[in-house]
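Following this are structure 1 and structure 2, which are two forms of one protein chain, each written alone as structure tokens.
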Structure 1
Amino acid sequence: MSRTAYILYRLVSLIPTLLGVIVLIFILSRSIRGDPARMMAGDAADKQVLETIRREFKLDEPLPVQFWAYFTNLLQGNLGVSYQTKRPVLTSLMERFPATLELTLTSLAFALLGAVPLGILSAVKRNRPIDHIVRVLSVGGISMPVFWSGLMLIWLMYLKLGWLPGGSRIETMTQPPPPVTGLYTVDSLLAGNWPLFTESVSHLVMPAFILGYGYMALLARIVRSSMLEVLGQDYIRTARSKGLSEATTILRHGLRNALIPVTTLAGLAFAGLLGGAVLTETIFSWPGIGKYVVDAILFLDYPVVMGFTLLIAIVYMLVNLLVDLLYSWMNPQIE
């Protein structure tokens, strides 16, 4: 099977799970106690309004009919309308998605850049002081709730020291850069606006650090244990006995093999990054989809919760597919 055919095959094989995901979200949305029409319209609505809503959302019809209406709307890109803002959910999600992308990508980069060296160092210097420090840092990282560590950092860096801004992507009075990618850091560079670039970077530092730290901690643990296993293998002894330098042995022979199992686990752990983004955005008033959904939850704005959950599930499934492909590409033992 050629590579393209394989990728297509894998994409198609996601469809049954995706259908299941849609069914699950639909079932959940119908498990609301009380009258959904009243929830949409609010307590003050009169009978006629409620009737209109019931007809529009086919709430009087049997569940399969309701599901079919929901499903065909989905296929047309209609995720419903927010009760709160009366705007299409898809439009609002798309507007906010770049903010979330910028935050998660920066956190991901930070986590990977930190986790790989720390994990290697910890494995190579096993049971030495540096290993203990890395292990304490990583246990701390996976045990700290981001909503709390974020608040503590805001208190220190913003309220006490005043070194970094306390939230949002840029200052309220600042004009955002002309949209190209939607990522303020990239767009401001493209526009050649250096002050705006430094401003958006300074806003990004704290949330990206908080979100990335937990993921880094988890990855560092995985890299460490994978590295420890690889370093005990015969081919590492062979490499050493050939007279290769320690750096070559560890990086060329050790790391390359150790990273293979790490990719799979990193993909699964990416879930933590997506979940953490919701909390981080809430804490830092970061105008992404995570903050959008938390605001919606407080107002019982169910179409938004449904749309968001579906979008995140799709992103997560695609990330794991990507990781799987990367895994087979990195591992020559898999045909």
Structure 2
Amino acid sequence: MSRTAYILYRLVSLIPTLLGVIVLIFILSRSIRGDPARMMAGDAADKQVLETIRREFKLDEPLPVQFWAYFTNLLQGNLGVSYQTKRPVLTSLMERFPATLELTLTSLAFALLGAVPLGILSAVKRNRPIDHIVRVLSVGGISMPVFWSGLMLIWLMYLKLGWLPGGSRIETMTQPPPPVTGLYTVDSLLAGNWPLFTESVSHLVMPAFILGYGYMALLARIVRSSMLEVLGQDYIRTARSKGLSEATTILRHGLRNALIPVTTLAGLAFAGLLGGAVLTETIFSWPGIGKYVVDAILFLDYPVVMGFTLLIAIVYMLVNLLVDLLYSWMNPQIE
């Protein structure tokens, strides 16, 4: 099977999975206890107002009828209208998605740039002091809750030292850069606005560090264990016996094979960071899709919750496909 045929096959095979996800998120969203009509109208609203709202949003219809209406709208690219803002969910998600994407890409870059050298160093210096230090950093990153580490970092870097801003993408009175990609750091560079670029980066540092630290710790452990396994292979001993330098042996012959399992985790980490940005965006008042869906959950805003979940599910599916394609590039024998 050619690579193009394989990609088409995988894309078609995603359809049943996607249908299952749609059914599941619809059922789970409707399982949340509470009355969206009451949340929209307020506690003082009478029964007539509540019935009017339920008819407007088809909340008075049986669940199969509600699902069919949602599914037919979905086929037309319509994710519904937010109960809270009365705006199309797709429009709101697309407006906020660049902020989450910028945070996710920065967090993933931080995780990879930290995990790969630390994992290699830990494997090469096995059971030495540097290995123990990397282990402690890894355990700390995996075990510390994001909400606690985020609040502690804000307390230290913003309240006590005043080195970094406490939240949001830029200052309230600052004008955003002309929208090109939606990523403030990129758009400010394209506009040649260096002060705005510096400001955007300073706002990005803390949330990106907190979001990426946990994945960096996990990836560092995977890189270490994978490198230890690779360094014991026969071809590594052969390379050393030929007189190749240790750096060439590790980086050229060992690292590429060691990164195969890391690629899987890195791909899943990207999708996980998109979905896992909920807490980080809430703590740092980052105006992305994570904070948007938190406000929607508190308001029992079904269309927003389902739209967000569906978006993350699609990202996971596409990332899995991309990871499979990267396998064949990193190791042609896998193809």
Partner chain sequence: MTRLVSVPPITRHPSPAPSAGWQAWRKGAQRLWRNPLTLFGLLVLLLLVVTAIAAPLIAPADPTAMKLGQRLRPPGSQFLFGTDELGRDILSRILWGTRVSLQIGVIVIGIAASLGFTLGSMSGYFRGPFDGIVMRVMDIILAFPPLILAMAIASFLGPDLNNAMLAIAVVHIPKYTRLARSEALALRESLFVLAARSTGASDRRIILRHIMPNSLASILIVASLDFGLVILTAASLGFIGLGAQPPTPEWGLMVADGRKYLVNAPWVATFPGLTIVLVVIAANVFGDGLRDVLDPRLRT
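Sequence positions of structure 1, starting at 1, serve as the residue numbers. The term rigid core refers to the maximal set of C-alpha atoms that superpose within 1.5 Å between the two forms. Here the structure is a predicted model, which is why all the values come from computation and not from measurement.
Note that the form predicted on its own is the one shown as structure 2, not structure 1. Residue 65 shows a C-alpha shift of 2 Å or greater between structures 1 and 2 [criterion: core-superposed Cα displacement of 2 Å]. Core-superposed comparison between structures 1 and 2: the C-alpha position of residue 285 differs by less than 2 Å. After superposition on the rigid core, displacement of the C-alpha of residue 305 between structures 1 and 2 stays below 2 Å. Aligning the rigid core leaves the CA of residue 265 displaced by 2.9 Å between structures 1 and 2.
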